[in-house]
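The chain below stands alone and is given in structure tokens; this is the form predicted on its own.
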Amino acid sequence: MRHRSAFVVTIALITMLTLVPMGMVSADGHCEFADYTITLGGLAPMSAPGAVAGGVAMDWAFKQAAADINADCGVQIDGVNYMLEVITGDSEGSPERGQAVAERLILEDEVDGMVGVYHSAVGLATMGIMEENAIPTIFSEPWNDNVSANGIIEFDGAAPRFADGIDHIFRISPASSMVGSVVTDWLIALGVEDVVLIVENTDYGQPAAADEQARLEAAGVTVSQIDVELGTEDFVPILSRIQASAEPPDAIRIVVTGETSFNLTQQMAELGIAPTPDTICVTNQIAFQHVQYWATVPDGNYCAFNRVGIIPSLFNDTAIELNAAYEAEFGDIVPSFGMASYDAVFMMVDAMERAGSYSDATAIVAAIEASDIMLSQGRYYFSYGSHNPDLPEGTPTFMWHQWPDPIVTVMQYFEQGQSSLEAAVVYPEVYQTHGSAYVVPGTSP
């Protein structure tokens, strides 16, 4: 694919480009667009009870990617330039709502591909719709292992989704098992003996917690689990049970997403349960968005959190430019799901260009399987799919149509109000930035 220079146009030029009638020369006169506009559907939780902050970041990333692609003469297929539009549908974090929105995008808006999805429950609920309608899809955030695994195994009594054709679903976010193994390996390396898991009752939370519990218990760690509902505002009754324990746990791991995790983390810290010198606090990845984190979790200093996506010290030029644009818009660091959503749009366009079509799903899927492209989070490719269908013994089934190289780290704040760019990367050791595997509350690395 030709080089694309990101963020090279002004807001005024972007606005003018969106107003140019199809088939006419673009605003600066350097390219001409066909009458047809290629459209992608983007699924994101834009309203409660979904993770609204996540949805806003994803929607911004979809639009930013489309603007950058259009500024570089759009999608180029067989010498013809097509303008690109991404239509974002609000899943609200609900499987039922996600299904309805996906159907609307496919049947009414007639999108040529799909990107996005934040919640695993929404991903699992909508994949069948994409398959039935042969819509090439690149998921950028759902973690449930079965999002990719059910391409080759039975799931919820249904046959593998590509049993009678090709598999249209790809994922560039990590599977839960890929994330959980990093967090649990870190806790085990620290020598914890007992952990409390506080888990959302969803298709993300429950399997993710089950995997983490199995890993911890296999290492001899005692694990207890408390389930909560997304949207809960008062966690005091639940936290009081932990507070009443004879001995504080060595760690509390929050497997809860979005704004709900902020409420839980703040109430836990405010009650003095964690983080303390006795109890490690491990909260959700959205804590990386430090502006919102400190605004809603002012007592959350010394909490650790899993960070999915390339760490700031490894940002390439595309990531640096994307982060600068996001900071200019929101005053915060671009989250991994924003980066992945941006990259998913570029990956889909790259596949269409190499396939020579925006409508031949079979050709586009084959092109996605053959992807080899550098974007904001690194080099994207897929090890297993119809191009290489035999998974070696011991390879997890979720590696089907799964990007194998997402970076997963554990980070920790150690100063009140600290930027996430300055937070310590504590694990894995190869990525450590402050020479410490854990910063004990009240100290500095």
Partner chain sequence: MIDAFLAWLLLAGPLWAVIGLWALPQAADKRKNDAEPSLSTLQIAGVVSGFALGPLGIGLYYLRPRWITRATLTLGLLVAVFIASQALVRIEDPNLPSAAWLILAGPLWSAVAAYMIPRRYREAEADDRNALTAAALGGFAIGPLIIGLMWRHTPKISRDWMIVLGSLGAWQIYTLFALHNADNLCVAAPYHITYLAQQTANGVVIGCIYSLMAVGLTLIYSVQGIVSFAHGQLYMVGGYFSFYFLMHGSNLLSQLTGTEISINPLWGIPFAALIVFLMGALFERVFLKPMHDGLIERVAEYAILITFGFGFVIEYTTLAIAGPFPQRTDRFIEVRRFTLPRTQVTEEFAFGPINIIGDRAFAMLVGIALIFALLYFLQRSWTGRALRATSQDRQAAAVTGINPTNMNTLSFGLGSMLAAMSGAALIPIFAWVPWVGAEMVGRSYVIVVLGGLGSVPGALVGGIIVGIVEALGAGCHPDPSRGAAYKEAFALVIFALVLLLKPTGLFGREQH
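Numbering follows the first chain given and starts at 1. All of these numbers come straight from a predicted model, not from anything done at the bench.
Another form exists, predicted in complex with its partner chain; not displayed. Remarks below refer to it.
Q | Triple contact flag 227, 231 and 296 to its partner chain in the predicted bound form, non-hydrogen atom at 4.5 angstroms | A | Spot residues vs its partner chain: full contact, yes.
Q) Do residue 292 and its partner chain come within 4.5 Å of each other in the predicted bound form, heavy atoms counted? A) Answer yes; at least one heavy atom of residue 292 falls within 4.5 Å of its partner chain in the predicted bound form.
**Q.** Touches its partner chain in the predicted bound form: residue 326 (any heavy atom, 4.5 Å)
**A.** Yes - in the predicted bound form, heavy atoms of residue 326 and its partner chain come within 4.5 Å of each other.
Q: May I ask you to state whether residue 128 is within 4.5 Å of its partner chain in the predicted bound form, using heavy atom distances?
A: Heavy-atom contact with its partner chain at 4.5 Å: absent for residue 128.
Q | Non-hydrogen atom contact residue 395 with its partner chain in the predicted bound form at 4.5 angstroms | A | Answer no; every heavy atom of residue 395 is more than 4.5 Å from its partner chain in the predicted bound form.
(Q) Using a 4.5 Å heavy atom cut-off, which residue among 223, 124, 238, 311 comes into contact with its partner chain in the predicted bound form? (A) Result of the distance check: 238.
Q.
Give me the residue from 315, 155, 262, 162 that has a heavy atom within 4.5 Å of its partner chain in the predicted bound form.
A. Contact residue from the list: 262.
(Q) Within 4.5 angstroms, counting heavy atoms, which one of the listed stretches 103-111, 339-347, 326-334, 140-148 is next to its partner chain in the predicted bound form? (A) Of the stretches listed, the one contacting the partner is 326-334.
Q | Residues within 4.5 Å of its partner chain in the predicted bound form, restricted to 245-277 and counted by heavy atom | A | Residues within 4.5 Å: 259, 262, 263, 266, 267, 269, 270, 271, 272.
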